[in-house]
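Here are two versions of the same chain, shown separately as structure tokens and labelled structure 1 and structure 2.
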Structure 1
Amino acid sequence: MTRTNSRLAILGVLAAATALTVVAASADETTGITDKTIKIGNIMPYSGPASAYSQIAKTDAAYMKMLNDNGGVCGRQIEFISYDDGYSPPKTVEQARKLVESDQVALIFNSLGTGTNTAIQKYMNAKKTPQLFVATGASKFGDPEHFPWTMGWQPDYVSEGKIYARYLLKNMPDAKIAVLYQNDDYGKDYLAGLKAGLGDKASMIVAEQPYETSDPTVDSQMVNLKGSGADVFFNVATPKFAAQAIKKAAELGWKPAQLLNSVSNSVGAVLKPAGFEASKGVISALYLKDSQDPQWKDDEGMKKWNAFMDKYYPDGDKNSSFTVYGYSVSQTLEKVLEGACDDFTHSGIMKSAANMKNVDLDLTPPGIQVNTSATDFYPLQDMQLIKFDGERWQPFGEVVSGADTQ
């Protein structure tokens, strides 16, 4: 073989190798996507201490069924695959690997939990598979510079903590605050936000009590918090423990002003088991319409949600904020997928997710819209303070922008 022919042969091999690389990259970009289908994965605690949240995934699944009945998205039917992790990070890792490597999903959507999503964040980004609209407001999930394949959805916990701080500084400037919080990034984010919002008044916090998700109850923590002499109780707990805390405060005869983090302000899953009388006066924040608020009785978006629930999730709890949440995050995904029809790849889906401008959802109140950009991976940042009157949540004050609390 002449030197020229040898060089041509080498160039030919390199060209072929390059072509294979391009094909492989292209195949990776469309894993889970065909001309007729798209596979979407989900991981949710159907069992364990956070099982109350499983209503979210059940609503997600019902919404996907509705989309399929209406022709799917971009001409494709959705194959929705959801697995239980019991709110256990090691199990989340196992289920994520199963979804990505065995089921070969195009993305993992709306998987719940801070610790659980943290456990798979690096893996999902290494695989360049979207980890889209994680069901947690931990600030680490809005970091496009370091994790471009991971995006949050709900308002972040730090900003929400600052909102409560601003409320206390205005209305109870001499308060003594006791905090119950889950001992992980979720709980610590809320606590950090409260402290940042209080600024040089952070000494208003007189007691902090963490709990572990493996704890059977938070009774001992509540006894300690009462003993601090605090007249404000900030309840940073998932539904099971949040309900226990409200109920225990009443049993102890402790009657502080109570702030409840938004992830546990479900009337059906938290306030009802805690007791409506014990829950009366609790303050929280919302970014979605309250299905039990009579002001939305004739609202078109609420009518659509009620019709959806009646047809696709008749066993679902209309009193729960979790079914409202599931519907709304699924509607956001629908809009993202529709925006990626011309580039229906993993990258195309993420680009669409990072390009939402003033999007109104059926169940977001007026003044609260979805917005994202290449540098803003938190679609929702505005919230409305609410107070429980013994029957339902009553909004008060104006919509507060998360950006205003920075």
Structure 2
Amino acid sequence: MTRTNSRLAILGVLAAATALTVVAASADETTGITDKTIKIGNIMPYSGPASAYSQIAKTDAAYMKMLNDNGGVCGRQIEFISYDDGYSPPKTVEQARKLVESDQVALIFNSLGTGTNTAIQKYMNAKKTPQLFVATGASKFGDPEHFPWTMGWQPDYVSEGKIYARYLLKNMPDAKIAVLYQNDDYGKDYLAGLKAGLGDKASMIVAEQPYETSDPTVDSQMVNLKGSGADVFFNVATPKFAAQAIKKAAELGWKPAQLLNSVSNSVGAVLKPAGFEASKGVISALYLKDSQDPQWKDDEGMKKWNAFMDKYYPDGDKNSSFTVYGYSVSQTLEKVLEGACDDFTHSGIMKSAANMKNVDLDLTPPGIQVNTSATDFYPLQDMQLIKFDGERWQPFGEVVSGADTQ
């Protein structure tokens, strides 16, 4: 009896599997798109340790609302569905399935995190559903050959590493560089970018010290880096450790030129805890206008953003870079969708995303533009160098490109 039952069960599973395959195959190019609407999915940590990022999705949602009020894109209203994954990859997989299979969205937009997006990258590509403008700088999300349905947005960590390398080669060709980096994809991407940018001058790097996120402090690493005799310190750490490192360097009486990765260039969350005095002269890079910088007071783009914030996201924090980020990435999506009006399908949208030429956004500083091609899935790769004057970031020099072709 049991035997028969289990056999039946196996048959049932097989039948179900076949049915699923059929359904999967029938998911077509226009799932989530009608003549009047387009469904866009999003996954964001609204809860848990990374919940501060959820301001990005709230800005995205507000932007979609603004688009709808202005008549939508290509005559279609946007239905924006955003779910919480608590920054936990297994949860992300669950939510991505729900969005794709139950809500039947046309694409997933701006889902946040490296591990979380890695967890759904294969699935989204198997489903041929665009995973557009993921909110992470990991370089693996710009790989059109293997993942033609996935695209990043912000300058990836490798490109940024190259930008610092180019700055050093030009301005401090005899520098001895010490690197502190987080021992994971993120930290190694930066280090790889720095080495690639230095090319045959990679021997300028005299010391590399990794740290684990479980380390209470990076004191021991900083002692070793100082001991290496380096005169440039490249700080590839997340906010807490970046602040610890800047503070420790000052305590050790070590005064190298400091390069700080853009992940941690928040004045409030990093430089203030580290101490403004200790942070003076630190160099970093940005690719979006700083809403607090007085030089943009009368800027057209900044005015548009201010009006948008006042009307559609009045609770949002205007001091936070997250609202600037959300506005800009949403505007990029708007341009991509508009470019796909004639072929409003999954692959049409993807084609449009891979065909952006010198696109200016409201909040990118002059000279920084969005560029993609069928082989270049890194929309933003240029950055403006900035230096901390003890109070705020001051831009200096020209825009530096992190792209390979230059």
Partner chain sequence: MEILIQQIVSGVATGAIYACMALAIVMIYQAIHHLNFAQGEMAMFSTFVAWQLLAWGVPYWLAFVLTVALSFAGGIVIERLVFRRLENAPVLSHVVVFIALFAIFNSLAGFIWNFEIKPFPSPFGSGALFGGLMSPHQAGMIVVTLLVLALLYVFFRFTRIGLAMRAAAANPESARLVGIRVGWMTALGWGMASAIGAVAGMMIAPVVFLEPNMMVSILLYGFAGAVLGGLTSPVGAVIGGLAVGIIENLAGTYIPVVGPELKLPVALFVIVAVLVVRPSGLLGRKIVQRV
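Note that this is a predicted model, so its numbers are computed, not measured. Just so we're on the same page, residue numbers count up from 1 along structure 1's sequence. We call the rigid core whatever largest set of C-alpha positions still superposes within 1.5 Å between the two forms.
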property: Selected structure - the one that is the form predicted on its own; result: 1
property: Core-aligned C-alpha movement of K248 between structure 1 and structure 2 reaching 2 Å; result: yes
property: C-alpha of S328 off by 2 Å or more between structure 1 and structure 2 on rigid core; result: no
property: Post core alignment: I205 C-alpha displaced by 2 Å or more between structure 1 and structure 2; result: yes
property: Angstrom displacement of the CA atom of D185 between structure 1 and structure 2, core fixed; result: 2.4
property: Angstrom displacement of the CA atom of F276 between structure 1 and structure 2, core fixed; result: 6.6
property: Core-fitted comparison between structure 1 and structure 2 - CA shift at G227, Å; result: 11.2
